[in-house]
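The chain below stands alone and is given as structure tokens, in the form predicted alone.
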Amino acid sequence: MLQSEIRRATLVSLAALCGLALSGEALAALSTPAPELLTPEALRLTGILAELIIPQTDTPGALAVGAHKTIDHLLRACATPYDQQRFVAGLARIDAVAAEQGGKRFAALAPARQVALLHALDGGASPFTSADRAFFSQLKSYTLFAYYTSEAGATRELAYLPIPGGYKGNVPVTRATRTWAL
């Protein structure tokens, strides 16, 4: 193990030991620069799929925030070997169906065809199975987590309100005023 890898692993372990909640973006930054579980090709496909799930609008899309790298890290660090294999198999299945129907791998299809294929996958339409649909649901969950824990997702896409409903510090208190149980 390289010294930089040991340093990263130590930082992640120390953060976990201290109860520090690291964002997906921070976890990906602490991970190794090369893919951890996915092959470069699978990582590229994950990036394309993530971008189709959360595309760039007036805010960065999932690909721009590195959601695919965070997903790769989450799979290696948090998923069981069985779930890792299912994820890799799900990516392979999308590529296989794309090749069957369009003669090309998913990444080489026209964007409109990619979206149509994902709609069929999300709806469980033939030739996709319930297992394929479960994979896509998992991919969407990973993408949402990776995106909304990134700096851009948390600060530019979401609004943060530290005290929902506002702070009302001057409330008249009488003997009949009740306090809140937490």
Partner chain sequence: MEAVSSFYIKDSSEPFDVIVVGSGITGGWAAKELCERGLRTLMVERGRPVEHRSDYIGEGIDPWKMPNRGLVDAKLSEEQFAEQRKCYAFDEHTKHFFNNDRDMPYSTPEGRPFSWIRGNQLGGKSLLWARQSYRWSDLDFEANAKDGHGVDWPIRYADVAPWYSHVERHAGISGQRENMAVLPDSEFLPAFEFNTVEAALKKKFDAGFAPSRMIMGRCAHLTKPTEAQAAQGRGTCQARNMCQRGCSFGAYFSTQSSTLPAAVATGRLRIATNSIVHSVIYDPKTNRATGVRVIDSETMQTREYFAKVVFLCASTLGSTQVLLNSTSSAFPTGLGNSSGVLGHYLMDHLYGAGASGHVEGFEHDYYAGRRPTGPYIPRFRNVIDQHPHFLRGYSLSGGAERERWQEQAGKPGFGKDYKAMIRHPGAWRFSLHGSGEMLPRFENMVSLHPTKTDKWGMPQLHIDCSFSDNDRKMQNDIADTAANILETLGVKNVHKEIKTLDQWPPGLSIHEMGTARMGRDPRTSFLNGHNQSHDVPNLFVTDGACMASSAWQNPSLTFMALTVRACDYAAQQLKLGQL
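Positions refer to the first chain, counted from 1. Being a predicted model, the structure only gives us computed values, none of them experimental.
Quick note: we don't show the form predicted in complex with its partner chain, though the next part is all about it.
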Partner contact for T57 in the predicted bound form: its partner chain, 4.5 angstroms, heavy atom: yes
Non-hydrogen atom contact F128 with its partner chain in the predicted bound form at 4.5 angstroms: no
T46: touches its partner chain in the predicted bound form, heavy atom cutoff 4.5 angstroms: no
Proximity of D132 to its partner chain in the predicted bound form, heavy atoms at 4.5 Å: no
Residues within stretch 88 to 125 having a non-hydrogen atom within 4.5 Å of its partner chain in the predicted bound form: V115, L118, H119, D122
